[in-house]
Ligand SMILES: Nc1ncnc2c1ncn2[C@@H]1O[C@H](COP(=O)(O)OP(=O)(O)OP(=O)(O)O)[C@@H](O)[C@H]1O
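Below, in structure tokens: the form predicted alone, a single chain.
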């Protein structure tokens, strides 16, 4: 299943997503972790040193390879050059699975050993000097969106994406790609403002959204979040000596995480697992097509010189069964 962590900058979403990834690793489940934030901090939060984090291959830098692999033998896609971030799969496309070896993972993913298990880590890549002043960061996360559109994942498999901060997530259709979205909010007016924006934007798309209260220091903080967020408030997290040690680069074994914070992670996992049972592949495919048409009309057709709506295969439904009919 696909799980997104969102929230305003500084809310602690990268810290919470890294804790959740560590928790998943202890279960032995297959996990792909993706750093899709403009500030690339997920690697260090998972224990990489600065050199190791900087050495992560940027997905954006491998976009031609990703496109060529995913295109497969799809007759509706004339070339990799005509694929854009929203291009949907169809008959003949190659699909990605969480627990497999493929050229995309070989080029873009790196194994990270955590207490109790190992995960694959992928990163969009940071802004480079050549990007400054001329590029939009959402051009970087296009590789992530394309991979999510071509991903077939099942129960007990996890893709965890640390999203870009604030409401910037809505600059693409990627916000509809998740079975569960956890919004990390501090008990402040600014902290809940992103929640309100996200709730309004996501309402028409059936996005499953739950709030994780972070940096909650007492009953007053908890009451504030309950008043502002209501039933969307799932769980809260307070101070953690384990997290403080991790931020200093000296984390103890993950089993030493405070019992109350471990219980919070177990609640997140149970909530995500329950959301998988509500997955609607038809709606998922329909929304993918919707955003592709919008992008094609607004800029894609002009940029590629092609009618990108013709890439849509009306007979194709992305599902767990679809992978069986397509080339591996």
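The structure presented is a predicted model; accordingly, all values stated were derived computationally and were not measured. Positions refer to the first chain, counted from 1.
Keep in mind that the form predicted together with this ligand is missing from the display, and what follows is about it.
Mapping the unseen interface onto this chain, residue 115 falls outside it, with no heavy atom inside 4.5 Å of this ligand in the predicted complex. In the predicted complex, this ligand stays beyond 4.5 Å of every heavy atom belonging to residue 172. In the predicted complex, this ligand lies farther than 4.5 Å from every heavy atom of residue 251.
The closest non-hydrogen atom of residue 151 lies beyond 4.5 Å of this ligand in the predicted complex. Of the listed positions (74, 214, 176, 82), a single one reaches within 4.5 angstroms of this ligand by any non-hydrogen atom in the predicted complex, namely 214.
Among 41, 293, 262, 279, the residue placing a heavy atom within 4.5 Å of this ligand in the predicted complex is 41. With the partner left out here, this ligand still marks one of 301-309, 7-15, 21-29, 314-322 in the predicted complex; by a 4.5 Å heavy atom cut-off that stretch is 7-15. Every residue of the trio 37, 240 and 243 has some heavy atom no more than 4.5 Å from this ligand in the predicted complex.
Contact residues in stretch 272-307 (any heavy atom within 4.5 Å of this ligand, taken in the predicted complex) are absent; none meets the cut-off.
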